[in-house]
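To begin, one chain is listed below as structure tokens, in the form predicted alone.
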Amino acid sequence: MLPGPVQEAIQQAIVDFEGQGISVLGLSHRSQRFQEMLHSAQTRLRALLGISEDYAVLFCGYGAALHFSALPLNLMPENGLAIYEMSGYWSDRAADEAEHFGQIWRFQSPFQMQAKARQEAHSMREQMLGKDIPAYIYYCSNETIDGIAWPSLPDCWYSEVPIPLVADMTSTILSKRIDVNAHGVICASAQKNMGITGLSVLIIRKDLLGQARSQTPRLLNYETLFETNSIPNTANVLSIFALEHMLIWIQQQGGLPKMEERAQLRSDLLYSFIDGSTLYLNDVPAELRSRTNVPFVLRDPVLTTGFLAGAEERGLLQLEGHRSRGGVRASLYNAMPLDGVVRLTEWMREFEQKQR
């Protein structure tokens, strides 16, 4: 979902870009104006996230799923090892892809374990590691399908040698304050909180560049992106334009503190209603619940189709759960107003009363 001002800026730019009589769709990616746009987006992203000059901010003409392959190609040596913290659907998909390029150890995320199980897992991991040092530790900050979010950073105690922490933050970036310096790499698709599809952002510590395998395709080589300032080929001008205007909008709204506050209000309202209901159920433990994706089911699954149909009649769209899970899922990204959640809970209440 895009904020109104960003949609309007895109609409205007498609018809007439800055009064030049051309569409932004026809703006050359080699033009001075596009270079300014690119620099503006990089600068604003650095300001919002507090990114130091130790990190490169790069824009990739593909989504986060292609980083599932690019990450091991850029960070893991031949016959190397990486740790993948398993928390749900997307971390599983990332590990599946990485296994094409090296040895992957899948560790169940400790925040999903009881204290005794965590201690046992700790001992097991130490025994497994021995003298092997992982090239990186990967985690997905928020599982959009499972509705699970990491409450804190993964434990990086595996070795006395510092191991880069790699995060897929597609669904949480710019929705809250984060510690960039705790990470070696952060990647995120743009279409959740940063604009439209066809673009991903890569934040990478500069000392991790230049380690790609020799067979790494040029457009997947992070050093190539760095050396060409994110323009190794024809850039997605419209996506960069949308990103810049999303960043402007976030800054105007009050930055990440305001985005975080709104995310908390939206999710608290919906979870509170679900928890007080006898018809709807979200079984994710409270401390692991996502602020951006709230999946839930109707205790009588037969009612799901009628619930979704009624929601659509009321302008509450795209609530069907992921095809792998079913049920219902409300996605509450930055542009979603609180009123959207209010209207959803009103329909949920109305539908529940009809079943009595």
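Start at 1 and count along the sequence shown; that's the residue number. Everything numeric in this text was worked out from a predicted model, so none of it was measured.
Below, we refer to the form predicted together with a small molecule, which is not included among the displayed structures.
Highlighted residues Thr144, Ser171 and Gln191: every one comes within 4.5 Å of the small molecule in the predicted bound form, counting any heavy atom. Mapping the unseen interface onto this chain, Trp90 counts among the residues with a heavy atom inside 4.5 Å of the small molecule in the predicted bound form. Proximity of Gly321 to the small molecule in the predicted bound form falls outside the 4.5 Å heavy atom cutoff. The small molecule is not drawn, but in the predicted bound form it has no heavy atom within 4.5 Å of Leu303. Though the partner is left out of this view, Gly63 does reach within 4.5 Å of the small molecule in the predicted bound form, counting heavy atoms only. This chain is drawn without the small molecule; in the predicted bound form, the residue among Phe59, Phe68, Phe307, Tyr55 with a heavy atom within 4.5 Å of it is Phe68. Heavy atoms within 4.5 Å of the small molecule in the predicted bound form are found in exactly one of 177 to 185, 208 to 216, 191 to 199, 274 to 282, that being 191 to 199.
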